[in-house]
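To begin, one chain is listed below as structure tokens, in the form predicted alone.
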């Protein structure tokens, strides 16, 4: 386990170093998230829908689609010069490769959240208060589930000619339960409800995370062989 996690961290550092050097995917995802926030804001009628009712849906729709921009990049950086072949022949397990890619994607998606969530709070003038810390926890749990599924399907779609189209088609149906649980728990917190009322959704979100992360980690080696 120690060797697996150590190798995964090395792979994640490699991917993050590449992204830090170019910053193309991160900037694209952040710009997309901010532009989408602006569009939703100016198309919003505050007399018809309150900010606390609209904001959870806006947040998680934007977060899902902006995250896809980074998930596609996950294995795309290895495809140009067939660098994935060198990675597969290196003395690390397939599970380490998947976990390393997923960890880099998690940090990437978390960086988008760091920009998008404060922007949402400012645009919609949301009174976070005591809900700020639980909201961070929801964001982390949702990111883990989305990244686990997205990383696996990114590996499956990268070698196809329609990778940009295939990845959303494969991943979005699996994103739905995570987005529903995250948006429902976020809505309860933003409306001033106690955390206990969102506990059922949080447990469901945690269960999806455990299932998706375990299944995707175990399935990745077979995906590579195929």
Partner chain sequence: MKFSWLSATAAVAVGLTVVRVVAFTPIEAVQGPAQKIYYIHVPAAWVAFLAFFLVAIASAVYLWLRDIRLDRFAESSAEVGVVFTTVVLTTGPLWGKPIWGTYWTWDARLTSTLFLWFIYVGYIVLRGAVDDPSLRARYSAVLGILGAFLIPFIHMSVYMFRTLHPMPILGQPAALARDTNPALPSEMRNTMLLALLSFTLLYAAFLSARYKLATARGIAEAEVRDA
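Numbering follows the first chain given and starts at 1. Note that this is a predicted model, so its numbers are computed, not measured.
Form predicted in complex with the partner chain: not shown, discussed below.
Looking at 58 to 66, 168 to 176, 36 to 44, 22 to 30, the stretch with residues near the partner chain in the predicted bound form, meaning non-hydrogen atoms within 4.5 angstroms, turns out to be 168 to 176.
Contact between residue 216 and the partner chain in the predicted bound form is found at the 4.5 Å heavy atom cutoff. Though the partner is left out of this view, residue 162 does reach within 4.5 Å of the partner chain in the predicted bound form, counting heavy atoms only. A residue is said to contact a partner when one of its heavy atoms sits within 4.5 Å of a partner heavy atom; residue 153 meets this definition for the partner chain in the predicted bound form. Using a 4.5 angstroms limit between non-hydrogen atoms, residue 18 is distant from the partner chain in the predicted bound form.
If you check the partner chain in the predicted bound form, you find no heavy atom from any of 117, 120 and 132 within 4.5 Å. Residues of 203 to 218 placing a heavy atom within 4.5 Å of the partner chain in the predicted bound form, in sequence order: 204, 207, 208, 211, 212, 215, 216.
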